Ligand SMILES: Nc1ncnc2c1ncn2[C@@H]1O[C@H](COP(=O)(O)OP(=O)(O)O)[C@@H](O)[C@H]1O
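The chain below stands alone and is given in structure tokens; this is the form predicted on its own.
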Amino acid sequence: MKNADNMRAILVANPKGGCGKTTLAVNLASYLANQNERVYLWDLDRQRSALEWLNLRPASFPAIRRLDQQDDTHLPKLKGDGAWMILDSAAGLHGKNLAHAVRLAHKILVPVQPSAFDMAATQDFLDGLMEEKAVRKHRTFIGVVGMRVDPRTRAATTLEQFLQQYDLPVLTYLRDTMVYVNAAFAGEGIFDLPHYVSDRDREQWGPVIEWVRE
């Protein structure tokens, strides 16, 4: 078991732009904040979409702390009593930047849309990721999230077949819905919304939360 004083870091990564990394990162941060956890959001993307979302977040909502640093290759050495750090990575993350992030991360969430283009881009990334020492030594674990997909469709089946070569868990499928989009405009995550608006989406997040907390 890792020292309780060490920050637990979750890396959200995929080299493909537009695959849902920021959606996954900010909503995970939203969940943890609503559980009264100390949460830091670190945005490695030059577009800083996650931090722009945080700028919109109402001050009355559960706090999510932001991390700003010019040098993306040096991740912050932070301590906290059970604190969490969510890293929203840049598109095209690779090489030394990827190695730094993986060494820090306890777990890596890889969002994938079940399209031929997304799976092709993700394949090279996963091939490299599986060779990272922390992954090979089982110090860092990988979970996949199907983004904007209905699990009952042929596309979901194709995604599962694609991932069988890596023996990686498909944790859940998050549906394509404006709930995420509308929440993001206000600096909110689905866990900040009333249950009557977000219950269906909260349910889909259950396996991700369970895996993250294992």
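In case it trips you up, residue 1 is the first one in the sequence shown, and so on. Remember, it's a predicted structure, so these values are computed and weren't measured experimentally.
The discussion below concerns the form predicted in complex with the ligand, not included here.
**Student:** So, in the predicted complex, is Arg175 in contact with the ligand at a 4.5 angstroms heavy atom limit?
**Tutor:** Yes, Arg175 lies within 4.5 Å of the ligand in the predicted complex.
**Student:** Is Leu11 close enough to the ligand in the predicted complex to count, meaning some heavy atom within 4.5 Å?
**Tutor:** Answer no; every heavy atom of Leu11 is more than 4.5 Å from the ligand in the predicted complex.
**Student:** Check whether Gly206 has any heavy atom within 4.5 Å of a heavy atom of the ligand in the predicted complex, and answer yes or no.
**Tutor:** No, Gly206 stays farther than 4.5 Å from the ligand in the predicted complex.
**Student:** Just checking whether Ile190 would be counted as a contact of the ligand in the predicted complex - the rule being heavy atoms within 4.5 angstroms.
**Tutor:** No, Ile190 stays farther than 4.5 Å from the ligand in the predicted complex.
**Student:** By the heavy atom within 4.5 Å rule, which residue out of Leu32, Met147, Leu44, Leu159 makes contact with the ligand in the predicted complex?
**Tutor:** Of Leu32, Met147, Leu44, Leu159, the residue with a heavy atom within 4.5 Å of the ligand in the predicted complex is Met147.
**Student:** Given the stretches 162-170, 34-42, 175-183, 60-68, which is the single one in contact with the ligand in the predicted complex, using a heavy atom cutoff of 4.5 Å?
**Tutor:** Selected range: 175-183.
**Student:** Can you name the residues of 6-40 that have a non-hydrogen atom within 4.5 angstroms of the ligand in the predicted complex?
**Tutor:** Read in sequence order, the residues that approach the ligand (within 4.5 Å, in the predicted complex) are Lys16, Gly17, Gly18, Cys19, Gly20, Lys21, Thr22, Thr23.
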